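Let's start with one chain on its own, the form predicted on its own, as structure tokens.
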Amino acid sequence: MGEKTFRLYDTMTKQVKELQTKEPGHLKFYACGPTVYSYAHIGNFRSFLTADLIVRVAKAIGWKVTFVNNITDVGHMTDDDLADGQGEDKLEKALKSKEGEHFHNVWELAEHYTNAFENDWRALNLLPPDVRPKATQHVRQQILAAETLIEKGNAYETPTGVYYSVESFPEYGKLSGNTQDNLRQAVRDVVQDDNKRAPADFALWKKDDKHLMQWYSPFGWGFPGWHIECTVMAREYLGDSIDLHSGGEDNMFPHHECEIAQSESLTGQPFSGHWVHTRFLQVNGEKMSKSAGNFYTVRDLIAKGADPLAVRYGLIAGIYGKPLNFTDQGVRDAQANIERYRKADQIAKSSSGDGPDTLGPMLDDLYNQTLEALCNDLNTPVALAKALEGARTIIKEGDSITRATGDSAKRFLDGVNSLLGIVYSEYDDGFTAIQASAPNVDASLIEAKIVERAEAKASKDFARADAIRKELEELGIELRDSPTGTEWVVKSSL
């Protein structure tokens, strides 16, 4: 097939360009992870799914991948749209909330939401990262980094903390466009700390002996700033200069801009050769918010009957570099397609009989077209269309499929799953959570109703057939007719 070129939009250069690795065939990739003060929402997971697709494609073209996805469990402040985030630490604030009453301390809260995040990650069939470091496990390295930046003249200590001097890094703003000049006015009236040399300077360490999570440092008791955490963890596991860094578009500034300044001041090398940012998610045409009633976590959707793979499908259906409107109808359409893959997988596994392989070359070509689309800046709409064409072709073959054709069909479906993660869960317990959270249903009753409905249709008693469908809908069951028969799924109540 020849060596594939993997091209992605690079936020730094503002163009689609080839993703290159410093070490031949080895992608060193860091993706910003969640702050574990609450359950991650589907907008967060859209960004994580972009990273997952990148990992899958890189492996498909034969690369080794070292993928790091961190956990921020301290130091992320509520007003994080500013380089030096003010307000409260998000975990401390969460402990004071109604949900926080369930936890004895902030450490327990962080552990709970970390475990919940990892469960949601598995439910959506994301590949596990090679390393999932926690900020609280790397405080010593963060203190040492702050000391080094002071020695280099890039940071300074005040009575309130240690601050990075933005003026010491002339290239500050090269990723986001938020340069020192246009930041001065933006932060002048917002960030109030008379100890800082310049309003745009940001904290590497905050002195606070009353903070619920604190460590002793040469600067006194306190806790690290959000930005230094990722700089240290990326360097710890991937080296001074990495190949790729990703996150949501809200990470671009201030977080990634500050990471660049810190990292390049520490090492004297480019921090990352490529930057990828996923655009925001809307739900039913509106900005996702609790007040609008369209704020969804993964577990919210599963509890309402959504299939996790359908949620995954819906979140990757649009191009990552454009805003995505996540809709109820989109989830239903995604569910229908997931059922097609399951039907195709069932047919492939039940193949029997001798005979020629009638689909092999066609399916191989569709797999290659799927991979090619993903190599072209993760063009998921085209990739999903090509993959679905293969599934439909297998279904059309139906019960007449030979063993040879079945083997090709299974190879194709395995390949599609390795690229897109939508055919079956790659975790042994992948669907346990779905069944546990789905409404209680009597499968034998539903199957009997389907048979009764088919008999009613055969005798042209369409009123009775429609009544049976309606009866099942009221029980939360959706029927799906196809040329190969009628299937049922638990209906999502989004």
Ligand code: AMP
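Since we're looking at a predicted model, the values are computed, not measured. Residue numbers here begin at 1 and follow the sequence given.
We do not show the form predicted together with this ligand, though everything after this point is about it.
Just one of Gly421, Gly248, Gly305, Pro308 comes within 4.5 Å of this ligand in the predicted bound form, counting any heavy atom, and that one is Gly248. Interface residue among Lys386, Arg312, His274, His76, judged by heavy atoms within 4.5 Å of this ligand in the predicted bound form: His76. In the predicted bound form, at least one heavy atom of Asn44 sits within 4.5 Å of this ligand. In the predicted bound form, this ligand sits within 4.5 Å of a heavy atom belonging to Arg279.
Though the partner is left out of this view, Phe48 does reach within 4.5 Å of this ligand in the predicted bound form, counting heavy atoms only. In the predicted bound form, at least one heavy atom of Cys32 sits within 4.5 Å of a heavy atom of this ligand. For this ligand in the predicted bound form, the listed stretch (248-256, 151-159, 206-214, 354-362) containing residues with heavy atoms inside 4.5 Å is 248-256.
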